[in-house]
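In the form predicted alone, a lone chain appears below as structure tokens.
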């Protein structure tokens, strides 16, 4: 009996792990592709991830055509690893030391503005598609 339940319990964990691996690898690639003194890679990842998460979350509200498994892989796994609050916080702290508080504040404002705009655009896309 316990053998029948084990794969069911592990399946969500495996889905999140697969998505998380892919999201973290892609975020790393984006950071490498956008080098510079300002953390453009993290800003791009957070903006694109917010857009995709907005589509995924609002798709459920408007159409609900995406399966629960896909939501686990894409939302909880991939997008949670692709976007990053910890790198954003560490890079902002580093900017405060090297670029000054103005550049650090600009990074905070840019990440929040791009993230919120991404979710709002994602909602619009989800509504348009459904």
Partner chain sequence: MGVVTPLLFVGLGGVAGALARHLLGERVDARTGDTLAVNVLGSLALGAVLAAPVGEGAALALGTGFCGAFTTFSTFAFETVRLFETGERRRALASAAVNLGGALAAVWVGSTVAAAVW
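Numbering follows the first chain given and starts at 1. Everything numeric in this text was worked out from a predicted model, so none of it was measured.
One more form of this protein exists, namely the form predicted together with the partner chain; it is left out here, but the text below deals with it.
By the criterion of a heavy atom within 4.5 Å, residue 49 is counted among the residues contacting the partner chain in the model of the complex. By the criterion of a heavy atom within 4.5 Å, residue 87 is counted among the residues contacting the partner chain in the model of the complex.
The partner chain is not shown here, and in the model of the complex it never comes within 4.5 Å of any heavy atom of residue 106. Looking at residue 40, you'd find every heavy atom of it more than 4.5 angstroms from the partner chain in the model of the complex. The candidate site formed by 44, 70 and 124 is entirely out of contact with the partner chain in the model of the complex, as no residue has a non-hydrogen atom within 4.5 angstroms of it. Contacts of stretch 59 to 95 with the partner chain in the model of the complex, defined by any heavy atom lying within 4.5 Å, are made by 61, 72, 76, 77, 79, 80, 81, 83, 84, 85, 86, 87, 88, 89, 90, 92, 93, listed in sequence order.
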